[in-house]
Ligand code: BES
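Have a look below at one chain only, the form predicted alone, in structure tokens format.
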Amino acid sequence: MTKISIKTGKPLKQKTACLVLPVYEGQLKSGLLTELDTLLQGRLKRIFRSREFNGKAGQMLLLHSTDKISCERLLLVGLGSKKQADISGLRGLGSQIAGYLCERHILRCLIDTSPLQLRKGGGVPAIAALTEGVLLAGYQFDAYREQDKDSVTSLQAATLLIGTTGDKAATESATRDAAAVCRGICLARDLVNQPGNRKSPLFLAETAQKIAKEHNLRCSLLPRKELEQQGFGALLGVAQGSVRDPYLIVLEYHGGTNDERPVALVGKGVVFDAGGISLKPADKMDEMKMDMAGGAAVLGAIQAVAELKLPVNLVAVVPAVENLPSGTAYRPGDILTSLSGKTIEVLNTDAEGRLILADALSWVGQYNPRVVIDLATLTGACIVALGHHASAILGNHEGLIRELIKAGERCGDRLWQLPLWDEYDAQIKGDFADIKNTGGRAAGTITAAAFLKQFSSDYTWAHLDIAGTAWADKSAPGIPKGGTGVGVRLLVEYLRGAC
């Protein structure tokens, strides 16, 4: 991961391989640019007049320096309109800068952050977002590829210049926190990107054990025998088609007082989802290794929280299973008895995520949580509704939903609320059991949440459907194709506010 450091001083006095100067669109006559143009003998003015560079978002202009300037190169970077500057844009800017320089084998740089001011929050959050962008730009999942010796994927070092009056201590703290969040995101991405032949429920369980050992957390694993003894009928129904044993994975972090009720995070952990007997189409089934992205987000978030030492008690629960067709697989028409005692009529074995979450949501009640948040790649209907730009949020407590939406706006993991009115419950009322595991095509994301609501009525609860945001079909700055790590940043931001 790129080494990030903070420095105070004047940009044109700094010795560096490349001085990066962010420029807002239409603001080409600042004092710094005027001074630089004089040192470059009018080159900038000619460039601006020719419209080769005008500060539009994403524009890059690399110039070689002169003897009158301390740096070896200058990189002008377009910020776009100052009125539209936001956290996501600045995060993308950091990734663009890092990617551009790496392509040219420029491995060290100094970025002038003095222009980076947000309308809400000021400069420090902006610098934290830029830091995240630089760090995430270097992410690659290359564990199974032969290394290209000539390829460069990340900067060696980036120094962030905060002018002569910036708060160095606050900025250093913000960048350290950003690095911890990025490590959580990268962990989640790694877990999602692991192939199905490697990523068993046991693999996830062992990963949780490593996190616990490294960060002094408590880890508990419930194997098949204990799940059978306790009555996890819905979870075990899904798992019975695979030779790989299921696990309920539990991590506990104690950063609050002994008498403080914990926040519970529950993440869907279907390590591969072929759909079971209700087999999925072959097209893009390879991507179904990502059906544990909710579980990955929960593990990445609790790791980040432990690194940040947030003053909160937290429990993370991941029901981990594999959903395959076989001679022992559960069937459409089967009736399962959940941990809560409610019976479930299985209409579609590909609606399995809500089944394992049902038992996990019931089980977490023993912690008497003050808040329960579940994350799951639950429904294709969510992609139809929201595309790939926002995750859906539903729940039984408007205050919690509003806080999560606000956290998403602050950090860039955006959420959009869908209704969860009681009228939707009729769609999942069972004909031969208490409830059925699908309500049909209409309002698929909502009826899936209505199913989960049956097991969350005792909690302040919110459900996040991340089906459209957990996987990227094509690369973008800081987000290569594959797992995105969505949810980690959101949960950390929410927990910061909840502490």
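Since the model is a prediction, treat every value here as computed from it, not as a measurement. Don't overthink the numbering: it's just position in the shown sequence, from 1.
Below, we turn to the form predicted in complex with this ligand, even though it does not appear here.
Shown alone here, D350 lies within 4.5 Å of this ligand in the predicted bound form, counting heavy atoms only. Put simply, T438 is close to this ligand in the predicted bound form: some heavy atom of it is within 4.5 Å. Contact check for D359: every heavy atom lies farther than 4.5 Å from this ligand in the predicted bound form.
By the criterion of a heavy atom within 4.5 Å, D291 is counted among the residues contacting this ligand in the predicted bound form. Proximity to this ligand in the predicted bound form, taken as heavy atoms within 4.5 Å, picks out 375-383 from the listed stretches 211-219, 412-420, 173-181, 375-383.
A467 is the sole member of A467, A462, L452, I446 with a non-hydrogen atom within 4.5 Å of this ligand in the predicted bound form. The partner is absent here; in the predicted bound form, the one residue of H397, R108, R261, K280 having a heavy atom within 4.5 Å of this ligand is K280. In the predicted bound form, this ligand lies beyond 4.5 angstroms of every heavy atom of every residue of 161-195.
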